[in-house]
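Take a look at this single chain, the form predicted on its own, given in structure tokens.
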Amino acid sequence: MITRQDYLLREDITFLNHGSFGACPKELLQEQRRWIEQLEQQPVLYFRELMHQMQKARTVLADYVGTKASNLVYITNSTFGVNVAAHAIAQLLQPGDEILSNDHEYGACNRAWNAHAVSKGAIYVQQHIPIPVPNSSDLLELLWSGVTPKTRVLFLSHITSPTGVQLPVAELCKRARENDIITIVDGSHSPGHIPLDLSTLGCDIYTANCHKWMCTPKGSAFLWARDQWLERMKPLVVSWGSDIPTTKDGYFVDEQEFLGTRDHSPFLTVPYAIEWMRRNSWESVQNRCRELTQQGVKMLCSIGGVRSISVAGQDPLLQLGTVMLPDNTDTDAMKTWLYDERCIEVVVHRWLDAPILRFSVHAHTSESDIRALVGAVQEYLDNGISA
């Protein structure tokens, strides 16, 4: 059984923010160190063999997410992947074409679309999702109602970062495909967190982090594209890849992964991490985390003025627990107090003027961590504490 002792997390901190950057176990850090040392022992040989090693690493990850290795490349983070996608899609858009998104998306990705597409005349439409968030069927219709005759692209998160809500991605991708709308999904919070099968999801382009819920070293993520998109995915960084054109899938891999000298150890550690998850009965780990998340949401919502962010309750599959705080909560002050006075690392912020608390549950989280959070929130709200 994985416990907090398997991580380097500080003992004095109640760490309930795994969702932001993840936390890498000692065992996986040791594997990463092995690759780093192998590089330094014979750097030239390391890079000579690197393409073969990366191919092996791609194959293992591709099998894990239900696709072919030729359709997937390693990148440093999903925001980078969104930039690659936006850069590629922008070349196909005409002034006035619309990119439909929503107002629960990650800010860095919004900026990517503004830089690559809006600057060339496209229109970035952010469909409003109210808080509390509607149930899945109503949310599906709400998001789809933003489609117009000018909609060319649908961009959305699999799980939203600011609000921790799972969007009805598969259903939206199905409708989009039927209407010749390109679909790009930011799955930053998906691998290792919820079931992911790219062969059935139905999107055109998908990008996601491994370093969050899969616990791999920081800087390990992937970008996936359907066959018909492989040649269109032009690189943001031009290196030697363009000098090794082979097939269309070879072009995609060469251009996106062969970016010159950089640290490949996070990518090469991913296969070991997938085996580590299997050895540790990952489904059991997830089930325990989901139960603890639901317990935490229920306990927080028993505090006066605290409500669930979803009218139908938090999705039981998620390890992100999100609640709304009383309307007059000073979220900055509360976050500062929770950390400075109670040593609790958790997300507290305002989104669409709603005061939100988002906590993460992972293998290292204990019931005492949840009780500490609930007790501190109760204390802060009951006493009107100001940081």
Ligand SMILES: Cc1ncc(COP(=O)(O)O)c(C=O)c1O
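Each residue number is its position in the shown sequence, starting from 1. What you see is a predicted model; the values in this text were computed from it and never measured.
The discussion below concerns the form predicted together with the named molecule, not included here.
Quiz prompt | Residue stretch of 117-125, 304-312, 275-283, 102-110 approaching the named molecule in the predicted complex, non-hydrogen atom distance within 4.5 Å | solution = This holds for exactly one stretch, 102-110.
Quiz item: Is N209 close enough to the named molecule in the predicted complex to count, meaning some heavy atom within 4.5 Å?
Solution: Looking in the predicted complex, residue contacts with the named molecule include N209, since a heavy atom lies within 4.5 Å.
Exercise. Indicate whether the named molecule has at least one heavy atom within 4.5 Å of a heavy atom of S366 in the predicted complex.
Key: The answer is no: S366 has no heavy atom within 4.5 Å of the named molecule.
Quiz item: Is H264 a contact residue for the named molecule in the predicted complex, using a 4.5 Å heavy atom cut-off?
Solution: Because no heavy atom of H264 falls inside 4.5 Å of the named molecule in the predicted complex, the answer is no.
Quiz item: Do N77 and the named molecule come within 4.5 Å of each other in the predicted complex, heavy atoms counted?
Solution: Yes - in the predicted complex, heavy atoms of N77 and the named molecule come within 4.5 Å of each other.
Self-check item: Heavy atom within 4.5 Å of the named molecule in the predicted complex - residue from C289, M214, I159, I184
Solution: After the contact test, the surviving option is I159.
Practice problem: Determine the residues of 175-191 with a heavy atom within 4.5 Å of the named molecule in the predicted complex and present them in sequence order; the list may be empty. | Solution: If the 4.5 Å heavy-atom criterion is applied to the named molecule in the predicted complex, 175-191 yields D186, S188, H189.
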